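Same chain, two versions here, written out as structure tokens and called structure 1 and structure 2.
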Structure 1
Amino acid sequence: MVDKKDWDLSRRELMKLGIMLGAGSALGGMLPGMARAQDKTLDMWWWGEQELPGLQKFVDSSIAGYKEAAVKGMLQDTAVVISQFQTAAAAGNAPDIQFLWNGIYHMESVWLGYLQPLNGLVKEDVITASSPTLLSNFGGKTYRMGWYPLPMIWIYNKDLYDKAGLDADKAPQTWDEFLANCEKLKSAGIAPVGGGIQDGYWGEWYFGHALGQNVDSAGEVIGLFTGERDFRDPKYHEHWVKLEELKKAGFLNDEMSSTELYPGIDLIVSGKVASGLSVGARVPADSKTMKGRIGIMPMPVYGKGKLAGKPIFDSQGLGIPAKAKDPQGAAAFLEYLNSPERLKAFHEATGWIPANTGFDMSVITDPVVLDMWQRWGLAPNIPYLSNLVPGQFYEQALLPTAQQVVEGKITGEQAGELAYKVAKEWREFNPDIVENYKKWATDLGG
């Protein structure tokens, strides 16, 4: 128990204390360097702990270790990442650093004037090394830095391939090889391919992998939304036809329609389904669980487009709002996050790789993860095409069509018709954004 007397101060003692505090403050004010730098404050709104546990730890340690400014971090809720930022930006209260999903998820904010280009603020070599991907560019400027990568991959369970008498070390390169493998797996009583599509996201991933089979550039995809190209053209809905074929052949797992995305991937890891879609950030843990018996591959090729069979690379990122109160300070903090020491700290905190191509790979011990990073992160790759999709199309066509094809409710061709109809509706709902999309296509090679 504290004795009240211990806290009693005489008037003289109180004055002494006051003089000491005053002198301390004055001295602090005179000191240059660290103490003054902390007068600078930066607000950082970020997201990612939800999909990458350990990111909070990394952000906290980065803020604690940064001496040039006091950074105040705020973890955003998934549902409001965009709306919260846009509302704040419109009201002139944007943070200095904002988390940004790739492609259209931040491009609308660019078009609304809520983000500023990073060129001229952040060193060009740092921007490039951070893997922002092509989808961060508009009007020749880059609006987003990469933070952590999301290689989009197909995986297969090597033990199940062994069980079916297949060569587990030889991933199928073509669609025909893949179908032949599926046939053998099915004969062995194994669900050949699938996962979970109840929450719809599998449909997004599938679209991102498969649409590229018949296109030559990301810009070509833009034309499907602006009306210059048409989903009813067989080459633009063939991916849904291929999905329909998998369904009709009985290759998809029977619980796929009632299972969500991540529990669906767990089915592959636990040996209940042989192959399916996944994302690179899961690989370190899944490889450990499967004792390295996980195969990683791009989608087997059936199309003739230039993007067919290429590794797909996406990244989560950070940007600087147009009305940031200290853009230079924000840029300096972004550069700090890409320093070798911080990249190492990122790996230690999350177990995952930072998006920076300068990351010291010697700390990656799992050969599966190392192989994936070399093939997807460092070799030539293509952007994730689902990030070009307008929100309305995403909700009303992209997710529903794949779900309905998987449950056998509609054909691939009907999916193309629905996609065409929704793309047309999107143009009617968003005449102002269509023009921006057309301009964006020039940055994307359209």
Structure 2
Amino acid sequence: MVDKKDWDLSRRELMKLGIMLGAGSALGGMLPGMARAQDKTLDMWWWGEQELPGLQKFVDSSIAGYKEAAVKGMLQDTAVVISQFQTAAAAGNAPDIQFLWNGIYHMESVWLGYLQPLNGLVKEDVITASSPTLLSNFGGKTYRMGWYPLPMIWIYNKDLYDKAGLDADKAPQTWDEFLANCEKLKSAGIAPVGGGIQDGYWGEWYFGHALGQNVDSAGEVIGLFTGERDFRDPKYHEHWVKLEELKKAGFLNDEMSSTELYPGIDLIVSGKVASGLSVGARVPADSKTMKGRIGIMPMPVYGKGKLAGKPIFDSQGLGIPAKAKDPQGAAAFLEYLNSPERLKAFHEATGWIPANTGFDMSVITDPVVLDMWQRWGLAPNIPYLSNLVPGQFYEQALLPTAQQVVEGKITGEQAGELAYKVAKEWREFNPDIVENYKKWATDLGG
């Protein structure tokens, strides 16, 4: 939710677009399409401008150009994307189209009955082409369409690697290689790794990368919440031990605990920190700023799980609430957003690419972006594991564990104890959701 793509994590107030079509009812010679637009109104709650600047321009132009209905768009604040929707859905006041983060961030709404499957509403070929991802499925149904892809990546500043006497064109592949690089960077007076964790979201991203080092499938991760597996097992908290290792070695940037997620990435782009976590949606702009001197890599490998070292590929998406007042109209608008003309407009507005496989990828001309897309988007990849954690675990364990390890308040092993405790409490208070998790694990292969 997490990325997130910049996020305005200052929790700014909601911005309402409020764009209506078909105005001017006094005009006697109204076109049929305009008449339909006046008669039919769709509400669309969306998120993403925080992560992908230019997305609002795309949404605005899509709404303005749509003739089958008047669409009212509302950009949601990062902090309330889930809660605002679930509150409205419970009260029967949900929008017609809702932005949905991947995995549990929308799957919990599926289990609560707040979302309806897209099958039978949206054309199947459009659903498939939108690349909804494995984590958008439950019980053989798809509940979310892909909107734009989100490779989850590590980046490094090649100029800082040069300054430290490292080979900037050779990314570290193993943890030992990474630590050796960090030592050289530190000796050169450069903060080797980090970013910003004040808001906690860096810890989510780190978990999503690092837990995969010691697991074989997304389904295995679900066992940590349903009770079949245990965070106290060293293999399931080693990622926090590795973070503790970076802290004790003095490799993390000094301002990490007082800096938020996206400003922390800016530290890498501006040459103040050598490496850290980012997302693919930022790469076109960051590569331009850095004049191509940005390196892209998976997390260096220390674990022995089947997911270790694999590129992580996430996607943002859109769905239709169960009590949408016009689900057929919503489906038609989603199909419109996936039309060739709109896919082209998406790229022109954002500089990034839509998730739809029908989009002509030849528009990617930056060699850095092209290399990333080939290695993340076109090659075998794995799901983003942070998308599997329950909400209670996210708030009470996922975010604070990494924050406290970075601050030196707890050890990696103690982080595992806290994670186990919160997961156990969640199970005891949510038996129905636990059963759904077990069914979901079957869909995810474990």
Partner chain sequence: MNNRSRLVPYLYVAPLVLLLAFVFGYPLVRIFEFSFKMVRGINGPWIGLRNYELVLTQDVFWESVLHNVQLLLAIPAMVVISLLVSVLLYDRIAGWKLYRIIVFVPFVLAIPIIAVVMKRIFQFNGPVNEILRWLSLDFLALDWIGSSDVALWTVMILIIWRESALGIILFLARLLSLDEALIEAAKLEGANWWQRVRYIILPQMRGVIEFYSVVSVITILAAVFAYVFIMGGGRGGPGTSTMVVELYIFNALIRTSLPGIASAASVMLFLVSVALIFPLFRARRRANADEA
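We call the rigid core whatever largest set of C-alpha positions still superposes within 1.5 Å between the two forms. These numbers were taken from a predicted model, which means no experiment stands behind them. Sequence positions of structure 1, starting at 1, serve as the residue numbers.
- Between the two renderings of this chain, the form predicted alone is found in structure 2; structure 1 comes from elsewhere.
- Between the two rigid parts, the smaller one rotates 14° against the larger between structures 1 and 2, as C-alpha superposition shows.
- Once the core is aligned between structures 1 and 2, the alpha carbon position of M74 differs by 4.5 Å; this is the C-alpha shift at that site.
- Core-based alignment between structures 1 and 2 gives a C-alpha movement of 3.6 Å at S61.
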